[in-house]
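Encoded as structure tokens, the following chain is the form predicted alone, with no partner shown.
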Amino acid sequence: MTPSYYPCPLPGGGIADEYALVFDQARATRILIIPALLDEANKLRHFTVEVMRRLDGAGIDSFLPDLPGCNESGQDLATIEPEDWSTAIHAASRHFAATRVLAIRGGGLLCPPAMAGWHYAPLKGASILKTLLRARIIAAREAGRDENIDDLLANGLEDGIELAGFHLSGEMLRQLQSLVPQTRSEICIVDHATIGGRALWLRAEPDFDPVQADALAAVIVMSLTA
């Protein structure tokens, strides 16, 4: 595994280098990994890298780009919309000459339309937003404040909002509300029941399960050799 970069178009024009983790030995199968989004990205980062490590052992290259405004990105997340993330994924796909895509959870909302691959445990953008809002309400209650989803969402759509430490614009919320996973024959849906174990995104803190990483990598390898 080595650090790398890809040229990412900026929302206002121009190009910025964004960070990526890569396992690249110029092999025939090259999988672009679209990470889970926002809070789930943190919880699934270790798992995602370990899946890549197993794919590398099976002779498969893989590439995990940072999304604008996330991880090591120098862009301000408060100015980013899902459309900007989709543009970044397209740019990373071209730069790394990806032949397949593996989307993790909400990452499937950003899949390039022409690429075949896998979507692990898909969910709607509205579900991501609802989970973040509920987490904020629980934290507010513990701090003695009374908040509710309807008011938070209404205010967020107007002025933006901070959820789980992420500063999200009103346009980010609007787009998330309407995004749904792609359903097309080129994308194989991998339900979590196929992987087994308690879902990592449901755990209170980031965690890792090698059995789950083995299982997802095995699904991919077997489908490529079938």
Partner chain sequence: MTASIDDKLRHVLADVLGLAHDKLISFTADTGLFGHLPELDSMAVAGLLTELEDRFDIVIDDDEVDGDLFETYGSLLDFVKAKRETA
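None of these values were measured; they are calculated from a predicted model. Positions refer to the first chain, counted from 1.
The same protein also exists as the form predicted together with the partner chain; that form is not shown, yet it is the one meant from here on.
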| item | value |
| --- | --- |
| Among 183 to 191, 61 to 69, 153 to 161, 37 to 45, the region lying within 4.5 Å of the partner chain in the predicted complex by heavy atom distance | 37 to 45 |
| Residue 202 within 4.5 Å of the partner chain in the predicted complex, heavy atoms | yes |
| Residue 141, heavy atom within 4.5 angstroms of the partner chain in the predicted complex | yes |
| Proximity of residue 90 to the partner chain in the predicted complex, heavy atoms at 4.5 Å | no |
| is_contact(residue 132, the partner chain) in the predicted complex, heavy atom dist at most 4.5 Å | yes |
